[in-house]
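There is one chain below, alone, in structure tokens, taken in the form predicted alone.
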């Protein structure tokens, strides 16, 4: 196994320790970032005269060829021969260009600052991709909302019927959540955008390196200001994992809504057959397995955050090998959401809305308009407490007599309030009038929801 250390040791490493400490089987994902960082570092060393320019050119040329090989798949890693991706790149480069790789490339750097660089480059890259995925899902949700702008559904609090809303209004709630997810990702990227290379093992180097030049070459806006913090910092990973965890919760809540909406009891939507599964025993079953797995995977994303934060909480400065354990949880969360986000968008695009059934369910429960009655009474001069009490008595009367609100006779309505009559009640227990009556900004009024869809389309670009 190729190692970047070992001269001071009189014994070879025990095979079980080699296996236990090796990280190549997971940090191989960082290969391209490691090569890019090495190219920028080698070019800087040559330009500053720290290593001969001809050696710097050979290093850069060899690294470019190695990078191309990784991209084309012609370069294969033998995990049994390498301790980590850093030693693997150096060893593979040495096979291409000779001993200059081992003798020159690691000048003025340590694996401590090297891995910090690789991880920051990985995070910045993956954040950009995830933001694109989130935007694509937002556009899918907006399209769905636009196509179903006039569909009115019962809204729920405590999973009980509450009031009438536009289905599109609830869907846009998820667009809002996802926008906050994007803002968290972009904020994390901004704080990740500090280049740590040149911090070396922990204190920097006496060699006259140009950290700013390396930062520019690698697309960083600035360099880290404290070498100890630079090599021991994993805030950017915890912050990204936290942002992904919140996004996972949002996707889980959406999945739960769609699971409920697709049940026989709700029957608001139907999942496309291509995105559902059946039962090996019950021929009638159509199961929302995709949504259930999205809901379940949010727990893994939460656990990944917990894993890294617990690992970090007791670490003294500066570098500790525990930090190697940040990678698997990070890769897991990123890759999970890279798969879940497009799949969720595909599911949204193929959802069918059972408009007739939704209309029927609203017609069966006029208690959805109880708040509308109370607010009508407020408009007629009643205090809200008095209006609430009157409406409560109306509901109690209907429950006791197994009646709809619209079935209450004129005389009985007058006993609740002089301003109530059959005509007034029939006007109130109307779904279209109910949602249209909302005046507060951000509410479910159709005009407001249409405006919200237009606003989001302008912001995100037409879907």
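These numbers come from a predicted model, not from an experiment. Residue numbers count along the first chain shown, from 1.
Separately, the form predicted together with another copy of the chain exists; it is not shown, and the next lines address it.
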- Item | Residues 155, 174 and 290 all lining another copy of the chain in the predicted complex, heavy atom within 4.5 Å | yes
- Message: Only one of 88, 245, 345, 358 gets a heavy atom within 4.5 Å of another copy of the chain in the predicted complex. Which one?
- Response: 245
- Item | Heavy atom within 4.5 Å of another copy of the chain in the predicted complex - residue from 126, 139, 184, 327 | 184
- in the predicted complex, residue 118 touching another copy of the chain (heavy atom, 4.5 Å): no
- Query: Contact between residue 447 and another copy of the chain in the predicted complex at 4.5 Å, heavy atoms?
  - Reply: no
- Even though another copy of the chain is not shown here, does residue 219 get within 4.5 Å of it in the predicted complex, heavy atoms only? no
- residue 276, heavy atom within 4.5 angstroms of another copy of the chain in the predicted complex: yes
- Where does another copy of the chain sit in the predicted complex: which of 128 to 136, 205 to 213, 141 to 149, 69 to 77, heavy atoms within 4.5 Å? 205 to 213
- Across 280 to 297, the residues having a non-hydrogen atom within 4.5 Å of another copy of the chain in the predicted complex turn out to be 280, 281, 282, 283, 284, 285, 286, 287, 288, 289, 290, 292, 293, 294, 295, 296, 297
